[in-house]
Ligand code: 26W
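This document opens with one chain alone, in structure tokens, the form predicted alone.
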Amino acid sequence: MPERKKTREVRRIIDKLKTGYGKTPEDASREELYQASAACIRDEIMELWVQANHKIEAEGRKILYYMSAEFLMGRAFVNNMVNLGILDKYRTAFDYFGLELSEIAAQEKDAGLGNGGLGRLAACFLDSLATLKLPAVGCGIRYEYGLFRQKIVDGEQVELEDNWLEDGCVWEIEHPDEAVEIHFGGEVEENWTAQGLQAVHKNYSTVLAVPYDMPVVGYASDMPVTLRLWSARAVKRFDMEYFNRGDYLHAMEEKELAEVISKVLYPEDNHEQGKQLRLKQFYFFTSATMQYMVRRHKELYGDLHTLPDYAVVQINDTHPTLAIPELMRILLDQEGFHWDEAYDIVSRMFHYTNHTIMNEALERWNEQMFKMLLPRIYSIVQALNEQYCRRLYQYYPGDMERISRMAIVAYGEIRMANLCVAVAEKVNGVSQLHGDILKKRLFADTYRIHPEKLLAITNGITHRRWLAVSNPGLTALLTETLGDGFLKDYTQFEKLMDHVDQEAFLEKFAAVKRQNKKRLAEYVYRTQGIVIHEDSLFDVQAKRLHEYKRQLMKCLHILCLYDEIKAHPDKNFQPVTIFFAAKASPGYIRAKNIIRLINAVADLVNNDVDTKDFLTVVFIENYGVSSAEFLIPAADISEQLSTAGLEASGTSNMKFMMNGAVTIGTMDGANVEISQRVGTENIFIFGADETEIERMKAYQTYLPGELYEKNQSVRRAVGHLIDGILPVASPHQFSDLYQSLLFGKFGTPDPYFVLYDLPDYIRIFEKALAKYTEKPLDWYQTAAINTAKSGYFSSDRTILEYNDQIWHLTPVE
């Protein structure tokens, strides 16, 4: 070990290794060094957290309960050091041990608590809430195996368990003493008493919800917020009587049946058991959270009539909607409130963020299944529905079709979005375009009655995670240019506009991008064994795999580029590396087939002697927060190809923009606002806008077959799906994709308008490529302008808007 000064951090790590592992630094493994140093950091966080919670309670502060089925936190080790301002101290400490900080940080597993943008948004919000010192608790499920670990085998996605808790989680604290009971099944008995109608839930089965708390620190803030995750436990974890009889499986049965609730995020629901499990999951964590909220309020303030003065609940997408009838249940059945009293409290506490207009994601539960699993909640939902429909009849007398459309319960379904709209005080979209769509289309009938209920708050990302942690090179350049105030104050990004026309600055900006591309190339070679041309243009499409996000369009474009290069073997093309990163839901067959197509296209272009020097396709396996921290800073082009009107906001567009990537995208979601801020000359917009898409749907003017026949380049590319050129075992592998593009389904054309937008996409890509190739200084000026204008898309701004318009929390100093 080199002879260097033992800093405070070095001494603390050595002490933790001795007391926790009986090891010296020389004997300890990388994993043990990570655990010891993380425990040191956790100690600092715990001090702040305990003091913050004490101050919030002592001052009687109103608290936000932010409820989400996902919290895609990523690794906490480096992020916590950045936010606490101790990164350099620990880098020095590991230098003392002769180690790189990155070696130790790599030992941490990504927390398997989310899937994509929804979960990452929730994580960013917690960072910003803590930074802005707003009292909050994030509430979700402690998934033991997360979503899944993606493995690509012979070009196909294979789902493996993601055992992220295998070595424990150093950042969390279990609170078994605060466990609550969750009840499923049984029946409800109603009795009239002197106090009125009383409902008694009987013969139910019980699952325990055990909370685990994870403090989340903000940047340069001494007020961490809490992420409270619930884990399912059986009341009786082991049956000795069955064990002694030799019936070992039965002895463990109750434990296994109960604890499956918190095993996996989004269990496959294309069968009845999967649907029931999802419903159980969402009721499980909403019931646990509401019980916790009520118990805390009673202990601190006593009178539950004052609950809205001290608590506000934000429902992130429809998954936590059952918190509404669950709080009604607690107030009615356990606290003795009358219906009107309970409803008055509930209707002043809840707010709902809508994240999609797509029917498939607006949860609807089968009425009979719902009644069987949650009989008491079912009776409350029915009562809420009757009350709501009576109110609607006053506005729309006799219009039963409209009322049925707006109802919470209708046609054998219980509709979560309608329940939120019926009861919540505010309903918000997540971009200005999305907010308009909610008002004009999805919730238009509600907007006519209650225009004040609907609003739009554009999403944001935390620039601590997506700049300071993931892109230290650009962070250092911005600090050198602007000072470090931009990490706390997002408005300071604008000061960069004073430098974007300076050649010396742009050369430094370009050098940072080259270094990030080299870093990504090393990562891809280390993890997947793929060699990447570092001097190529890096073109990235990284997001959940869904047809509306149109990864299929990008595949067709690659086949067009392939044909172009093959047709001109003597021409010198600009090398392009195209990255895809995506997971497909296990039951989403067409999405998984698109992943198979991406890998088949990669095999084709990467191994053809005519194209491999100019065109490389890379599929990033098992995409998550940690791999995104390599991928996003290296991107030159950010692909945002969603069909206009279907992407509510997007947040990857903001992350790429902040890291100096230039967007190619439709006028959809937050792309609209990015375009407004950077100017049309600094973004590449293509395709039909939302109005044009709706017009084509209304008048049925989209004729993909005609477009196919008219455009030779498109016709060839689409033909490659079935002409045998792609290296796959079956010549019919992509016939379904071919049919969907040209003929749609049941006589309805492709609802994602891929062939309509593809020719314009090809045109705009050529324009972007020409600028990158022929005017590199102009390109980096455009990239730097994107970074300068990205401050608005900080989640700090988003949270301030939520607080101003909805929550009305007071910062805790």
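Throughout, we count residues from 1 along the sequence that is shown. The structure presented is a predicted model; accordingly, all values stated were derived computationally and were not measured.
There is another form of the same protein, the form predicted together with this ligand; it is not shown, and what comes next is about it.
Undergrad: Among the candidate residues K440, H271, R590, R295, which is the single one with a non-hydrogen atom no more than 4.5 Å from this ligand in the model of the complex?
TA: The residue in contact is H271.
Undergrad: Can you pick out, from G117, P633, G112, P215, the residue that has a heavy atom within 4.5 Å of this ligand in the model of the complex?
TA: Checking each option against this ligand in the model of the complex, the one that comes within 4.5 Å is G117.
Undergrad: My question is simply whether L322 lines the interface with this ligand in the model of the complex - judged by any non-hydrogen atom within 4.5 Å.
TA: No - in the model of the complex, heavy atoms of L322 and this ligand never come within 4.5 Å of each other.
Undergrad: In the model of the complex, is there a heavy atom of this ligand that lies within 4.5 Å of any heavy atom of T356, even though the partner is absent here?
TA: Result yes; T356 sits at the interface with this ligand in the model of the complex.
Undergrad: Does this ligand come within 4.5 Å of any heavy atom of D539 in the model of the complex?
TA: No, D539 sits far enough from this ligand in the model of the complex that none of its heavy atoms falls within 4.5 Å.
Undergrad: How about Y548: is it within 4.5 Å of this ligand in the model of the complex, going by heavy atoms?
TA: Output for Y548 is yes: heavy atoms within 4.5 Å of this ligand.
Undergrad: Can you tell me which of 733-741, 262-270, 96-104, 680-688 lies within 4.5 Å of this ligand in the model of the complex, counting heavy atoms only?
TA: It is the stretch 262-270.
Undergrad: Can you tell me which bits of 526-543 touch this ligand in the model of the complex, meaning any heavy atom within 4.5 Å?
TA: The stretch does not touch the partner at all.
Undergrad: With a change of at least 3 Å, which way does the C-alpha separation between T356 and N270 go in the model of the complex: closer or farther?
TA: Compared with the form shown here, the C-alpha atoms of T356 and N270 sit closer together in the model of the complex, by 3 Å or more.
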